[in-house]
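The form predicted alone is given below as one chain in structure tokens.
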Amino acid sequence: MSNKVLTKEKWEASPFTKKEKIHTQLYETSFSASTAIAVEIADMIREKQSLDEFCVLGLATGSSPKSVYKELVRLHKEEGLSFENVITFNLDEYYPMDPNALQSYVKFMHEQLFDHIDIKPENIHIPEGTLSKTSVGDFCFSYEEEIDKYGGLDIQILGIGRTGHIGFNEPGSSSQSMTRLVNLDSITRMDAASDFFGEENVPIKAITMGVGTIMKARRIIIMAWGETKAGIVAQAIENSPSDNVPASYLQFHPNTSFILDAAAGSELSRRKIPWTLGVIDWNPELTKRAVIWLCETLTKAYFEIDRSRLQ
């Protein structure tokens, strides 16, 4: 099966994607994938401008969207893409967290995107990490109200954590959950340790949009790059929905796409075991992989297999 990007129609018709429960596009590199995402966002912004409407974006942080933001900045500076009609809502923020701290998502968003475009400061919304604990509940309620006031999210972009989290909705999160204060999984804190100069310095809590909040977006784009994400990506896309992998809830959303580079898509059946899905063009590398897979599946050594059945 090739790495060629499939339109949704071809994806639905392909026998090689029949195990995938979410529309999935594979790109050779994270750069080409990020560019495609940025182009879709830019097209939505321009469409809304032509209608004299706000474009409401749900934004993510972390390493995954950096190239998307870089391309959006380029489109602004070199091709005149304006963000004056854009309203943004960020997914999450560590709690507690000073907005000027090195690890703050406020700082991240300004450095990666906001300081380089013409977005109005009053149109930027990011969960507040300096609230008193008694104020968090009211803030979360008002965050939901603010999103609704603008008619909901036109596009929500997401990354996926090794726990399968989206935003900071860790395993066990309800599909109906809304913006709230949550406890962070130990794996999530471990993955953030380098940013905080040690796991012991990573906050144990965060404020996050809920799964239910995310699911109300009209369009969801979830991205993943690299081999470390391949396993959890395959679970989210091909396994049954489960609160053990919150990203799998996106199977219930009518307009979600997983955007992957080749490495992040390497555990998908169409890449890992395509011979189980349809007729393929065999080559020595695929043949070797298939034989190894067959031996492992049958728990037999190669010389024990009746090779006449392989013809």
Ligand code: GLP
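The structure displayed is predicted, hence computed values, not measured ones. In this text, residue numbers run from 1 along the sequence as written.
What comes next is about the form predicted in complex with this ligand, which is not displayed.
Heavy atoms within 4.5 Å of this ligand in the predicted bound form: does Gly161 have any?
Yes.
Taking 4.5 angstroms as the cut-off for heavy atoms, does Leu91 touch this ligand in the predicted bound form?
Heavy-atom contact with this ligand at 4.5 Å: present for Leu91.
When the contact criterion is heavy atoms within 4.5 Å, does Gly62 count as touching this ligand in the predicted bound form?
Gly62 belongs to the contact set for this ligand.
Given that the partner is absent here, does Tyr105 sit within 4.5 Å of this ligand in the predicted bound form, heavy atoms only?
So Tyr105 counts as contacting this ligand.
78-86, 111-119, 165-173, 139-147: which one contacts this ligand in the predicted bound form at 4.5 Å, heavy atom to heavy atom?
Stretch with heavy atoms near the partner: 165-173.
Just to make sure I understand: among 219-244, which residues lie within 4.5 Å of this ligand in the predicted bound form, judging by heavy atoms?
Stretch hits: a single one, Lys229.
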